[in-house]
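This document starts with one chain, in the form predicted alone, laid out as structure tokens.
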Amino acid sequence: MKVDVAIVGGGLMGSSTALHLARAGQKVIVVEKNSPGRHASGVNAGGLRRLNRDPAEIPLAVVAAQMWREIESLVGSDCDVQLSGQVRVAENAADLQKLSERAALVRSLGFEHEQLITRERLYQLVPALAPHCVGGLYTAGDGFARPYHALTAFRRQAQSLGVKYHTGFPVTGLERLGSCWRVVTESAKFEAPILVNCAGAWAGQICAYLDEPVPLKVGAPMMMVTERLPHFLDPVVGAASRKLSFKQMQNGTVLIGGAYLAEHDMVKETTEIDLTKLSASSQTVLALFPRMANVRIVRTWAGLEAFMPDRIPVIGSSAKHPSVYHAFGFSAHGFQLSPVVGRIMSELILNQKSSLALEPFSIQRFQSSG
């Protein structure tokens, strides 16, 4: 079958890119080493936030937020989106000063979504919070969704428009054949004039095949989920000076993350939970939510994700090959950006330009000029 675009990686970025291209009439194949969502895309925290984004990411996050509000029109599912806000908690005056400076920075960039809130407002939003907190930074309209539900919706919508997924095909090489790229796997080869690298934790390997190396490192953020509890929390809660992501899901369970990393094995594609680090995460939870003291943790997990040294992704054209595009390295906060990244990649491929500024995300920032 003759296709227009071959995408390596069937996670959220690959599936979003495939969907946007298919909506524009392109014939697309997705080559996926496992099953879509086997790693980062299906097992992350599902945060939908503009709050505390790197300044370079804010314009993308703002557009993505609007896309998530209208996600059903894009993917045919609400993806279990819940937009009840996100808040970063200040536990002392130093924390509050840090959050105040952050709010001022965001305002200086022309955005108003991060609002400094008083102690009274904080406890209106999060009445279950421990009593020592003094204020916070709040973004109304942020929230969360269910990652695997979202990924499945993107994939199914893409497939309904003709996108073909080839799963269980780890890429072992790339070859240039005239005007086409040949994606080589152990059991099949796929060809297309345009190649898109959305390979997540394996994106560095794809870059190596292209002689375009990047300093990508792999990490495995750990997550915990509790037993079901009566409803007590609406916003997603983080902390100014602690590692924490804390949210109550629609079914009453509480999902807890804290950016603590598991041990991992890239050859076996496995992770090993570090209980000592999870204990530290649990202590943070207890400090802010004492009511969690006797709550049972029912499951823990970690997924392999790609991290860049500056903690922002690579999005854009290859610096060495005019028919290659990259979207990887989202450093454990790419879920919310996935709809807009797919749109951006489609714009680049079809129009050779993006509607949003991509200079901070260029792969060239990691390439020597000498």
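It should be emphasised that the depicted structure is a prediction, and the values quoted were computed from it without experimental measurement. Residue positions are given as counts along the sequence shown, with the first one as 1.
One more form of this protein, predicted in complex with a small molecule, exists but is not displayed; see below.
Among 308, 324, 64, 332, which has any heavy atom within 4.5 Å of the small molecule in the predicted bound form?
Only one option qualifies, and that one is 332.
Can you confirm whether 10, 39 and 221, the three residues that make up this candidate site, all sit within 4.5 Å of the small molecule in the predicted bound form, judged by heavy atoms?
Yes, the whole candidate spot contacts the small molecule.
Could you tell me which of 117-125, 89-97, 201-209, 272-280 sits within 4.5 Å of the small molecule in the predicted bound form, going by non-hydrogen atoms?
Looking at the partner contacts, the answer comes out as 201-209.
I'd like to know if residue 153 sits close to the small molecule in the predicted bound form, meaning any non-hydrogen atom pair within 4.5 angstroms.
No - in the predicted bound form, heavy atoms of residue 153 and the small molecule never come within 4.5 Å of each other.
Counting only non-hydrogen atoms and a 4.5 angstroms cut-off, does residue 76 reach the small molecule in the predicted bound form?
Outside the cut-off, so no.
Whether residue 29 contacts the small molecule in the predicted bound form should be assessed with a 4.5 Å heavy atom distance threshold; does it?
Because no heavy atom of residue 29 falls inside 4.5 Å of the small molecule in the predicted bound form, the answer is no.
Could you confirm whether residue 244 comes within 4.5 Å of the small molecule in the predicted bound form, counting heavy atoms only?
No, residue 244 stays farther than 4.5 Å from the small molecule in the predicted bound form.
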